[in-house]
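Okay, so here's just one chain, in structure tokens, the form predicted alone.
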Amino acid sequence: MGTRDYDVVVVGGGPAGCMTAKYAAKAGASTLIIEEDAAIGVPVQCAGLISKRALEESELRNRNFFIKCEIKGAVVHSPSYELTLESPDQRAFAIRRNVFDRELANEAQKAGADIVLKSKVRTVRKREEGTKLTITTATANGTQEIKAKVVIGADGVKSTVAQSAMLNVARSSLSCVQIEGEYETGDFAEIFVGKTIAPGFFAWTIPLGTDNRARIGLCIDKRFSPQSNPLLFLKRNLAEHPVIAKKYKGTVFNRTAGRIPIPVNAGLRGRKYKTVKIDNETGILLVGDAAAQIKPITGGGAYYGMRCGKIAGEIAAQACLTGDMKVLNDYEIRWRNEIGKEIAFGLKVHRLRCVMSDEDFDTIVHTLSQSEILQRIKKKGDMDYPSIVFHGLLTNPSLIKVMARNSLKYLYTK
């Protein structure tokens, strides 16, 4: 097969990549998605919980295909207390992530994008004589070369595109593991915090609506954990946690594992952290997990990835069709204006959580369950913009003590 030639090539067929390709194709650029797996959406590497806003952002109509159940709120458990958060207009949905991704890929194809499966991108580079980038892929039939004016890396935490372009966006990553099993569930997700439960992050259960099944998982931040394998913590929770062990029925239907990038310093236009590289007539952009566009507080990335994908696709097409690669810089400015502050704030909360003791988690959950802040959370709670709620917490006297007690530890953690 000869060399194939496109305006825009998107590496990675997850939500961010599919949305990027859809918007690039819609704007008139010839577009290709390269996916390394045999099917879009497999293997699943996420908890599969998305917000109502992310659902709207997906622009998908046939929601019954991929929604497993609607979730009414969350019960937060610290080691000694619990707190129920319910917000009538901020519902979340447990989805079949593989079906969701496939639907997004179909929409990208309808808009005019091509898709190649079972192709692993090895390198993206500019040849001396060429005016385009050459993408070398490994397929079952040997290597193949594809040319593009703009390459967009939507290829996740260990992005080959980011490495090829020497763009470093993540400082480290969270290690996550999840099983699906029989579990006594209701309409609420559960969140569990504590040093021994999920160091540096939290554990969760997500009800799946039918047959008393739930997704049970956790992430850890290895920098603050005595053990680097998250599976050890999950096994312990399933066997010994006072809530989880009691409701869990001992079956495992499937397992998933994944990583979530922790951004370097989003929100600050530092030289350290760029998602755009321009070289004369060609350019490279990063989007989604490859750009570390995630919520550090909850680890979610679907909404940010699709939001930023639309901007990336539109701007990449514009650069290709006008021949002016400088417009690619607008991508960085626009996505940072939308979510940069939220990510920067989330990083502060994440660092604080990493140094907190079980006693601190108890104080926070107990204080919240007693206070008027709870009403504000119920009104304004927002999975995609959690800073609205957290800013409110910082004014409560008991919580100020927790922050003060941890602020020195916080300042000295790298």
Ligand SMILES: Cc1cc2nc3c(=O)[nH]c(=O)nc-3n(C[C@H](O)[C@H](O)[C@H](O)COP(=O)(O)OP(=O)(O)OC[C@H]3O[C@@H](n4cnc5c(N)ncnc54)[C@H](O)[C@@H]3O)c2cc1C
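A residue's number is simply how far along the shown sequence it sits, counting from 1. Here the structure is a predicted model, which means the values were calculated and not measured.
The protein also exists as the form predicted in complex with the ligand; that form is not presented, and the subsequent description refers to it.
Proximity to the ligand in the model of the complex, taken as a non-hydrogen atom within 4.5 angstroms, holds for one residue of 45, 58, 363, 30, which is 45. Contact annotation: of the candidates 73, 181, 258, 200, the single residue with a non-hydrogen atom within 4.5 angstroms of the ligand in the model of the complex is 258. Taken together, the three residues 11, 97 and 294 all lie with some non-hydrogen atom within 4.5 angstroms of the ligand in the model of the complex. Within 4.5 Å of any heavy atom of the ligand in the model of the complex lies no heavy atom of residue 190. Within this chain, residue 283 is remote from the site of the ligand in the model of the complex, having no heavy atom within 4.5 Å. Although the partner is absent from this view, residue 359 stays clear of the ligand in the model of the complex, with no non-hydrogen atom inside 4.5 angstroms. Heavy atoms of residue 299 reach within 4.5 Å of the ligand in the model of the complex, making it an interface residue. None of 220-228, 335-343, 151-159, 235-243 except one has non-hydrogen atoms within 4.5 angstroms of the ligand in the model of the complex; the exception is 151-159.
Taking the ligand as positioned in the model of the complex, the residues of 26-46 that bring a heavy atom within 4.5 Å of it are, in sequence order, 34, 35, 36, 37, 45, 46.
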